[in-house]
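Coming up is one lone chain in structure tokens, specifically the form predicted alone.
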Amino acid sequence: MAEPGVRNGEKVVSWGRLAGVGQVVSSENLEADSQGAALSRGLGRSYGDSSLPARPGDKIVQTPLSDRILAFDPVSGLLRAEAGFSLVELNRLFLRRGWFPPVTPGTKFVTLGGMVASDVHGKNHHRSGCFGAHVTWMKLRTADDRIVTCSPHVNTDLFDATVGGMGLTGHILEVEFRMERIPSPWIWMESRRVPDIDAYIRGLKDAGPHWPMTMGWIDCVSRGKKLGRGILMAGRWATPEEAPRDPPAEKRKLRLPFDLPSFAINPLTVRAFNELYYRRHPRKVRTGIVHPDSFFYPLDAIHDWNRGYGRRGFTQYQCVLPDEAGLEAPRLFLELLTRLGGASPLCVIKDCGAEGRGLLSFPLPGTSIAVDLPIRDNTQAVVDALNAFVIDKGGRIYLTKDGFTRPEHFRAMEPRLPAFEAVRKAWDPEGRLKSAQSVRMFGA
């Protein structure tokens, strides 16, 4: 009989619906559970295989039950919590009290440990960088089962490799970071239609100096003069004078109760959806106060929205094309994507700022494009072709979203990989910490 909290042979599934089998351990005592484990796993929102076991017998420790706040200083904004503490709970407790995390990804169903391991970025990356830039201290269990701390000043090699290191340098037990004071719990947003991808890139670059948060949606199936048309959004925290009197109430969530058939998302349905979504926005600029959930986490409005891609699931291809590649690089990328048949209702574009200190952190100065790709027989070929383009332009892909990149492609696009591998080897010479992604991508 298995011990309480231990489930042998349990199937674990990624957000993109890749699956693996492991010995899953879960309790409120993450420090004890992590002993001898091969990988930690939060709320399972990474799209690819980074949170899946490398082998069926590997011990995977699930962190969400270790979710206690350990300290908060209302003067400095420093917050220390266990790695399983979720962003959704953080926002519930702190938003109406005038605090918000300095960086948030596009879903709030993630843990602090996951935010560090992915070094998540948000709509304010051009101003605030990644989440790791605001982390001041971490406690980890390393591969040899020691409990160690690291920070930008202590064990800096371990800190730099853990930020964005996909959980391969140690089990993250506790995280300390600095929260941001906000003037109100509401967002002032401005949005407008953009006719094509060239205008989009100019719009992002023009908006960056004036707005702390920018991003947009692209119609990735239109061609010709309409290629890359979309809706550009910019936002900032509303002032107390602009904000409604009452704090934002939690919005009711919908649920997708079953898997849609795999043929539901096809070029015709995507084209129709994109046309409606684009036309739904008025021609004139729209401004006003919006709920922070609508601004930061629009997809969270539907639980299990990943079921819309059917049982085969999907992958999200996210790359960043550096500024040095020229303003035409995003247009060439979209032209290639449409030629490859990469039809998707979800295509998001963002402006990225300076590269962070994490050795495998994703962003670099340039333009990030993320597009959902339903899993089909040609998915590997599509990813290969997109990766060849990104390598040629000097860009890179986001490991948290990836499930298909070949190791030679990642090595070609990531000059920092040898430095990361050296730190990983120094702290884990026997290669005890691993995931399905690390074995696929790095060989161990």
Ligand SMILES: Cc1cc2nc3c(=O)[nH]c(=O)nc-3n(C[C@H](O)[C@H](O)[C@H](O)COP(=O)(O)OP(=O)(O)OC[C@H]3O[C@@H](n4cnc5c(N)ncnc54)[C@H](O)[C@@H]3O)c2cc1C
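Because the structure is a prediction, the values reported are computed rather than measured. The first residue of the sequence shown is number 1, and the count goes up from there.
Keep in mind the form predicted together with the named molecule is missing from the figure; the text below concerns it.
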Problem - Contact test in the model of the complex: residue 170 vs the named molecule, heavy atoms, 4.5 Å - result: yes
Practice task
Give a yes/no on whether residue 394 approaches the named molecule to within 4.5 Å in the model of the complex, heavy atoms considered.
Solution key: no
Handout entry: Heavy atom of residue 403 within 4.5 Å of the named molecule in the model of the complex
Key = no
Handout entry: 4.5 angstroms heavy atom contact with the named molecule in the model of the complex for residue 115
Key = yes
Fill in the blank from the handout: The listed residue (375, 417, 413, 43) that reaches within 4.5 Å of the named molecule in the model of the complex by any heavy atom is 43
Problem - Answer option from 203, 77, 345, 106, heavy atom within 4.5 Å of the named molecule in the model of the complex - result: 106
Exercise for the section: Indicate whether the candidate residues 321, 332 and 349 are all in contact with the named molecule in the model of the complex, with contact defined as any heavy atom within 4.5 Å. Expected result: no
Completion exercise
Only one of 352 to 360, 335 to 343, 152 to 160, 119 to 127 has residues with a heavy atom within 4.5 Å of the named molecule in the model of the complex, and that stretch is 119 to 127
